[in-house]
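What follows is a single chain, given as structure tokens, in the form predicted alone.
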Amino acid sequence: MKIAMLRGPRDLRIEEQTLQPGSPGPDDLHIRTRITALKIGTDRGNYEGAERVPGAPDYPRWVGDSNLGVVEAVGRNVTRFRPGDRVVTREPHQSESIVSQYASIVRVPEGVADEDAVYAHLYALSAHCYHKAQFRPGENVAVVGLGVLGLGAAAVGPLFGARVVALANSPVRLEMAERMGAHAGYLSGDPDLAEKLAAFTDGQGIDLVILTANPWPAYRTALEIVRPNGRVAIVGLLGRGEAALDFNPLSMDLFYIKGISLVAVSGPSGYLYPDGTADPLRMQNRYAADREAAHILSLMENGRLEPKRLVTHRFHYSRIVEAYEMAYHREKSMLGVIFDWRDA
């Protein structure tokens, strides 16, 4: 089995490992990978050696968590999946894997393209930004940061009833955001940004900002543009790899006086949807990750979501270092990146 392992900052290698002997076990699936997707922001931070996220493994460590493959075999206790099923998992960039049936795993419906389905879990996180912030249909939503996650938020928002405006530091990203479904897009440094947002919202202001970017200037933009008593849903890893702050992130004028809510997009979606069952094979929360990924796949199935439209680069897995180096150097033309593992 081949797997991409990070031995240290910018030291990524394709290595050979052996699958566990006697696998799959009674509760396991043996999955052979077709493609994996690169999460540019998060994966780039890992690659360049930005400070660790709590709970992340130390070096050497695997990379990636968007994996689409085909079930080769199942253990005797597995009933939800069978050989031949296409599935999306949170497994790393690797050619095959042994996955417990209790892990994060979702079957791909017939008719959904591989390059759409591989983004199911990432788009589920985009959707979770809305759920966690208790979005209501008809609200004005600004997405700050247009990597794959932000573009996902721009794509799912209109399906949920949002009026979405995208903000970025690159015209290329704005063009893609509008292609994915955003109603409008502006450069975050536009000197007329406030006036344009006021016109977009008919003077009502931005009700919810979804912040997917890590840099502190993006956070500041989010606080500046949200209306008084609005919400900012933060899914970016604020300050990761950034220099020390030159402003107060909870300044009185941007936080207290405006009366805004800062929402961490992590964990369950809150009191509206409590855990409902102790059955380990059933998803606990109404908007648990796998349940939301299944919903995202259903939207792909009926043609309402096409993440593959954001794919700009396709690589054989042997070129994975080349792709990560492009991300490291902030290649603006790079959005969706797919690695093909089918001859590994």
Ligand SMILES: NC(=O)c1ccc[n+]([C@@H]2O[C@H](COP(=O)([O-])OP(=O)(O)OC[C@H]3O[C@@H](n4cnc5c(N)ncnc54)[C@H](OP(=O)(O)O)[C@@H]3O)[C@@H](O)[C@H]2O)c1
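All residue numbers are counted from 1 along the displayed sequence. Not measured: the values here are computed from a predicted model.
Keep in mind that the form predicted together with the ligand is not shown, yet the notes after this line are about it.
S.K.: Does the ligand come within 4.5 Å of any heavy atom of S66 in the model of the complex?
M.R.: No - in the model of the complex, heavy atoms of S66 and the ligand never come within 4.5 Å of each other.
S.K.: Would you check, heavy atoms only and a 4.5 Å threshold, whether T33 touches the ligand in the model of the complex?
M.R.: It does not: once the ligand is placed as it appears in the model of the complex, T33 has no heavy atom within 4.5 Å of it.
S.K.: Might I98 be said to contact the ligand in the model of the complex, defining contact as any heavy atom within 4.5 Å?
M.R.: Answer no; every heavy atom of I98 is more than 4.5 Å from the ligand in the model of the complex.
S.K.: Give a yes or no for Q94: in the model of the complex, does one of its heavy atoms lie within 4.5 Å of a heavy atom belonging to the ligand?
M.R.: Contact with the ligand, no.
S.K.: Only one of L197, L125, A162, L208 gets a heavy atom within 4.5 Å of the ligand in the model of the complex. Which one?
M.R.: Of L197, L125, A162, L208, the residue with a heavy atom within 4.5 Å of the ligand in the model of the complex is L125.
S.K.: Does each of Q134, G157 and H295 have at least one heavy atom within 4.5 Å of the ligand in the model of the complex?
M.R.: No, none of the three is in contact.
S.K.: The ligand isn't shown here, but in the model of the complex, which of 224-232, 80-88, 137-145, 252-260 has heavy atoms within 4.5 Å of it?
M.R.: In short, 137-145.
S.K.: Which residues from 183-219 come close to the ligand in the model of the complex, meaning a heavy atom within 4.5 Å?
M.R.: Counting only heavy atoms within 4.5 Å of the ligand in the model of the complex, the contacting residues of 183-219 are S188, T212, A213, N214, P215, P217, A218.
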